[in-house]
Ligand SMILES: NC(=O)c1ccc[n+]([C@@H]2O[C@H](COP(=O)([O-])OP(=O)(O)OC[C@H]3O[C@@H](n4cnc5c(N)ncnc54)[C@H](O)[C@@H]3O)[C@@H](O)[C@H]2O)c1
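For reference, the chain that follows is the form predicted alone, supplied as structure tokens.
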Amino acid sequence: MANNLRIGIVGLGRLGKRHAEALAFRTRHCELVAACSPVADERSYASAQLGITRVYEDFDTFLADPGMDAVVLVTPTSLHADQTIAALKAGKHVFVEKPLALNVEDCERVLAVAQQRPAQVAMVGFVRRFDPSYLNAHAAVAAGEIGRPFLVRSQTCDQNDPEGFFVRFAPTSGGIFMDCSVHDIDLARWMLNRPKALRAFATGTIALHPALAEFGDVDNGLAVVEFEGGARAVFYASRTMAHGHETSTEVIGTAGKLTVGEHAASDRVVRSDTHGVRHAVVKDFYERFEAAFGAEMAAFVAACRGEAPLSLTLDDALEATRIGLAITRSLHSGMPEVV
């Protein structure tokens, strides 16, 4: 593609604004030409802060804009599948934030439409695959540096939000495992070379936010997934960390192990004084993965321009949803669940 990729974005909330700013100001070979949101303040932001002149309130009208090559969907999860299908049918490349959907059937509908349009890129935002440290670890595992990997322990732990944003989000989030652990699920499959999941067990507790009980959700959860061939994964998700955001992953093999993100350090400075020995920590997921978000969007643009293929597939997103749902069923039933 000789010209810049023309992109429209849907949704300019907390993460949508960051994607939009990256596309508008920091990503090569693309132009952010249109935006869509039902929220007036978000539309005003697109015009005033991003300089976008084609701003839409209605999604269908937005999709009918002939001056777009691709769309980026940063919308509620319940809308992901239908919006992705509509964008593909409109002839656009699509980037959609994770998870692809909250049920397997919707994921399969997206895959069926995408398979009919092989010239169009459809990518789900599993951003950790683009983090330099995770890429380094995956390359080391693939090179056999730790022997045969057989166990992944991975966690997504957010700093406690006393205002409880995620409590308000709970009716549509799919629960803590679908919202948080879906990243860890995808990482585990990636590190273990995409084995088939067989069975899952989960348990959880409400430590600080009793309002989650109404939605059958917890603010701290643990899960174990069994894979074909003997590999296992253990996931921990938390909404209640006191110190900051802490994402970390351990891959254990027959000849060693790799650990990514231990201690949530925001830099390499360690302070030693009368208060003890300590380091600063990252406060949220975006601070931890800002570079990865940039690399992720650059990879999407490159794929749409035909410059580089994507290793991340819609099948990966389908399997992450399938496993996340089995974990969630187990949390509710208290029994192991078949994936």
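None of the values given here were measured: they were computed from a predicted structure. Numbers for residues come from their place in the sequence shown, where the first is 1.
Heads up, the form predicted in complex with the named molecule isn't pictured, but that's what we're talking about next.
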| property | result |
| --- | --- |
| Which of 103-111, 179-187, 248-256, 232-240 lines the interface with the named molecule in the predicted complex (heavy atom within 4.5 Å) | 179-187 |
| Non-hydrogen atom within 4.5 Å of the named molecule in the predicted complex for each of Gly11, Thr77 and Pro99 | yes |
| Heavy atom within 4.5 Å of the named molecule in the predicted complex - the one residue of Phe150, Phe215, Phe201, Phe169 that qualifies | Phe169 |
| Distance check, Pro38 to the named molecule in the predicted complex, heavy atom within 4.5 Å | yes |
| Distance check, Ala87 to the named molecule in the predicted complex, heavy atom within 4.5 Å | no |
| 4.5 angstroms heavy atom contact with the named molecule in the predicted complex for Val127 | yes |
| The named molecule contact at Asp69 in the predicted complex, heavy atom, 4.5 Å | no |
| Sequence-ordered list of residues in 269-305 near the named molecule in the predicted complex, where near means a heavy atom within 4.5 Å | Phe285, Phe293 |
